[in-house]
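One chain comes next, on its own, written as structure tokens: the form predicted alone.
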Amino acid sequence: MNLHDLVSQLIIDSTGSASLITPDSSLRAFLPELVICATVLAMLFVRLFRVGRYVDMFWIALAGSIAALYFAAPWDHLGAVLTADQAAHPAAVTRMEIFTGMLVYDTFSVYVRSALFLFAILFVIFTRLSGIPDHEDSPDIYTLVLGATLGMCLMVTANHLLMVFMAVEMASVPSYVLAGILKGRRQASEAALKYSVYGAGAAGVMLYGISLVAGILNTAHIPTIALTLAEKFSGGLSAVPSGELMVLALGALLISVGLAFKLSAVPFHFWCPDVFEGATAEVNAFLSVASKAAALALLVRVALGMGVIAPTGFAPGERWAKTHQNAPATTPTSTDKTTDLFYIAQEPVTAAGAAAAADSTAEPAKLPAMQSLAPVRSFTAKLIAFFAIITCTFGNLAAYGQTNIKRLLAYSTIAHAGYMMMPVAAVVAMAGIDNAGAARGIAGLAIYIAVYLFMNLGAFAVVAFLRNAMRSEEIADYAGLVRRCPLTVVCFSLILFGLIGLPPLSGFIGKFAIFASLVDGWRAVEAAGQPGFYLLLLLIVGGINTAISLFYYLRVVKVMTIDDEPADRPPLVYSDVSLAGAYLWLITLPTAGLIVAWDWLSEMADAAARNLIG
């Protein structure tokens, strides 16, 4: 490919057409992230000038977050447009690799990115009400928050191992600074140091794993990795040299270290309790919700991307060109595609695979490759299940002895990371066996992410507002609060019951969805003649841990409602009837009332999972 063809391909890939930016171009798909970039630049630019001291950065951050959610448009992509003829809607989402395959744009990315932008809106309002940051620090904190959000959006859409690494770092580095943003506080500085040291170590290990996988397979493009693995394993595991198998397994384990760090999964959770105790409740809310959602989406991308043949999608501008007959071709011609800089391998077709596909309704070329990837999916599912079991169990058991509410919620966050990893194991195990069941499992995870957003944000909002009123974050100091601020205690109790998963609260919907995916996975795997006991074990462990978590969550409710007030507690400077109280009720409303009408959330979650597995 000559320079002219290369530049033409890059232009068309970015804009969708040689003459204009089409609705299905890479730039249009990436528009929400570009809005976040523009918002960050606007805040930095305003601060350069003296007028910046008179400008409230809250309004810029809020406007940028709202604009990003508007351009993400989940109400369009996850709603009515998907029920129509997608060929007639160039902006409708199915699956499209953007920016030469570095990122992927589909309904799952729309769902999780929209959740991140919605959280950013609620988070910015929360910080305004809690008083952190103040006017002086707001440019720094809002810039870091939106910068980390940008990195998390890249995690959600990553389609290349180098983009995985870059996205994780873009999300992590601002988080290190946020953990120590309280200047002059020893605990905050210690938290930031621990977080950055652990993060640097995990990033180095993950990068080494990426180099091993890319070196063996000669590609870092995730769908091409799956195709290459299918070709290697087409003759069975015995046909692959043992040395290559060992390196591939080691590379996968090292990559999982970086993902487990972002999820605060055991045994890479050590930073989480100390960082949560040292950082502010506002920062904790950001780390426990946004970071977890992005890390789970990335886990789904990597686990499914390497074990499943990617479904057929569209190239940027392709559908727009089909609906505009006079439009220029969307891809330049080249006499030798294998020499292209951005060449992506096509799916291998073997003779054995063609015979196996003859009696199937699946795509002939895809079925044998999916069968060849069965060992990859089995290894990945069992690895995720192992992490989920120890993470969930350790998080719940360690929460018992905590006397600080932020440390208790930190271990709660670890436990919920274990819960949310469970359906990923079931999805990977079902892929290629029961794709409809796998899609339901992803939808269950999507539902859990949505309800967890409101529950954990509400929990840390209560902690922040009570910290301002009491100057304490110890659970013992919450004694008798029901007599001082009953509405806040009711909100906090509902949120804690939701985190347990008790009906009729929204947490029950999330837990029911992920446990149902485990049952579906166990049945599908056993029916296919493969061992699925580990999925049944996941279900049992999840149920037992839900019962265990009942005790330490109820302990907090018991302290607030039954214990006597401490005699030495100063008067509370806090009122339920205030903007902070109204915000708590707004956040608690989905937790308490979603059970009444959650069909719309289920439909959006189903749409999010629609194009992940062919």
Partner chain sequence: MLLAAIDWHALLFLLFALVACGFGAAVLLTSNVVRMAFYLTLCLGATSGLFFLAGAQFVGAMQLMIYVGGTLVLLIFGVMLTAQARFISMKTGAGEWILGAIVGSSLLLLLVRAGFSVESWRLPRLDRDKITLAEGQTSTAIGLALTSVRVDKLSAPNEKLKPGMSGYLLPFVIVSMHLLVVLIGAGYMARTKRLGVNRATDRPVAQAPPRDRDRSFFVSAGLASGMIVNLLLAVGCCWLVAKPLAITGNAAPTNQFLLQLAKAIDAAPSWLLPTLGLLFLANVLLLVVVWYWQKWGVVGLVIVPLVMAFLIASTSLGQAAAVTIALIALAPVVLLILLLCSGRPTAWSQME
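Residue numbers count along the first chain shown, from 1. Note that the coordinates shown come from a computational prediction; the quantities given were computed from them, not determined experimentally.
Although it is not shown, the form predicted together with the partner chain is what the next lines describe.
J.: Does the partner chain, in the predicted complex, lie within 4.5 angstroms of each residue among 143, 173 and 227, using heavy atoms as the measure?
T.: All three within 4.5 Å in the predicted complex.
J.: Which single stretch, out of 69-77, 105-113, 206-214, 418-426, brings residue heavy atoms within 4.5 Å of the partner chain in the predicted complex?
T.: Single hit among the candidates: 206-214.
J.: Which one of 380, 284, 412, 130 is close to the partner chain in the predicted complex, taking close to mean a heavy atom within 4.5 Å?
T.: Exactly one listed residue reaches within 4.5 Å, namely 130.
J.: Just one of 476, 246, 239, 528 has a heavy atom within 4.5 Å of the partner chain in the predicted complex. Which one?
T.: The option sitting close enough to the partner is 246.
J.: Given that the partner chain is not shown alongside this chain, does residue 218 nevertheless sit within 4.5 Å of it in the predicted complex, heavy atom to heavy atom?
T.: Output for residue 218 is yes: heavy atoms within 4.5 Å of the partner chain.
J.: Find out whether any non-hydrogen atom of residue 150 is located within 4.5 angstroms of the partner chain in the predicted complex, and reply yes or no.
T.: Judged by the heavy-atom cut-off of 4.5 Å, residue 150 is in contact with the partner chain in the predicted complex.
J.: Would residue 435 count as touching the partner chain in the predicted complex under a 4.5 Å heavy atom rule?
T.: Although the partner chain is absent here, residue 435 would stay clear of it in the predicted complex, with no heavy atoms inside 4.5 Å.
J.: Given that the partner chain is not shown alongside this chain, does residue 95 nevertheless sit within 4.5 Å of it in the predicted complex, heavy atom to heavy atom?
T.: Although the partner chain is absent here, residue 95 would stay clear of it in the predicted complex, with no heavy atoms inside 4.5 Å.
J.: Heavy atom within 4.5 Å of the partner chain in the predicted complex: which residues of 160-186 qualify?
T.: The stretch touches the partner through 160, 162, 163, 166, 169, 170, 173, 174, 177, 180, 181, 182, 183, 184, 185.
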